[in-house]
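What follows is a single chain, given as structure tokens, in the form predicted on its own.
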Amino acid sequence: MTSSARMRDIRPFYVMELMKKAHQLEAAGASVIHLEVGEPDFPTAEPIVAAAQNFLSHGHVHYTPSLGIPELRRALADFYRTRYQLDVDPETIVITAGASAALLITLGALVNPGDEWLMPDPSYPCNRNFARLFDGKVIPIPVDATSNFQPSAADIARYWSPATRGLMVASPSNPTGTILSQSQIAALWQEVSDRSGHLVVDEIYHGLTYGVDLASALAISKDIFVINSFSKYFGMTGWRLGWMIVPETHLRDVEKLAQNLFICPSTIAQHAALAAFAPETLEILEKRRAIFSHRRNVLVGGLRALGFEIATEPQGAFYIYADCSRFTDNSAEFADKLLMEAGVATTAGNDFGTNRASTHMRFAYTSDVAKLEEALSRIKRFLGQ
């Protein structure tokens, strides 16, 4: 028996496969430094853990409404009022089983068979697969350092066709850590809305910015789909909790998908996340942001000294997207050798698209400075320097 035809077009998430290989090496006794995966190395902040333990101690762990518990939706509305000075209706906030679920639900609600969706190349790989899952077609927009690895309004006008349904962008982005200014998002929205299309903005790395504070795309229009997560800034990766803010016109469709695909998000994670906005938690998270900023500086400087070209320094997230063409024209092979011979796990550019993917690599600064410096030393030896 054969799989569905669409599965031929669903590509693996290569970084997860490389991470699996790295863990196998570690299980066999090898030393591996992890610069491949987008997961903060800090433990979950203590107030969040305490809230989960307190909730769990009562034993009443049942299903919640598919859109999430009202208390958490209200807490997020308060968070947007405090951090962004935005009034967001809690009814339009949907709690999801991680941002991945939010992205899946969003595209499930918007993609018709044959629809085209514009996405920058490079960009987060799962979005392409989600669109294909619903029989959509992704039209990549090649971006590079000259555009800060972000698409422009002119790009939308150029690549939009009668079959185009919408645009997905991320700010800060994965893998490049670059951002879109409010004026840039406004220009993108103008182009998309003039064509009666949809704009989806991934704000998963909001909070993890360095030297700049970002406004939410919601300040431009409540008709923009905004995706966010408790995984990155809040450091709750394994709790699998995210959220989306949905235009009222699509809320019922989103609710039906949430009911059918996931029933509801994790009950324990939702109650734990109520503590994510407490002052003592935010104080911990802001200290961690400062640590990430220092790590970024260490790794950017170290990679440049080794000969990697970093044309655009990351302003957010915890990634560096580096040109490795001085050393290879096959970044996937290079990453594999770097893991096997030097014990440094990185991500090849082929995970993020096809635009100059073979000469680019992503390095995550999600390990402490001592490990980053050791990784740089290992890479130096590997390069024979």
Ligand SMILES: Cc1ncc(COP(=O)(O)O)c(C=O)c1O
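Start at 1 and count along the sequence shown; that's the residue number. Because the structure is predicted, anything quoted here is derived from the model rather than measured.
This protein has a second form, the form predicted in complex with the named molecule, left out of what is shown; the following refers to that one.
Residue Y124 is the only one of F292, W189, Y124, F234 with a heavy atom lying within 4.5 Å of the named molecule in the predicted complex.
The stretch from 201-209, 249-257, 303-311, 266-274 that comes within 4.5 Å of the named molecule in the predicted complex, counting heavy atoms only, is 201-209. Shown alone here, T281 lies farther than 4.5 Å from the named molecule in the predicted complex, counting heavy atoms only. In the predicted complex, the named molecule stays beyond 4.5 Å of every heavy atom belonging to Q150. Looking at S229, you'd find a heavy atom of it within 4.5 angstroms of the named molecule in the predicted complex. Though the partner is left out of this view, R195 does not reach within 4.5 Å of the named molecule in the predicted complex, counting heavy atoms only. For the three marked residues, G98, L103 and R240, a heavy atom of each sits within 4.5 Å of the named molecule in the predicted complex.
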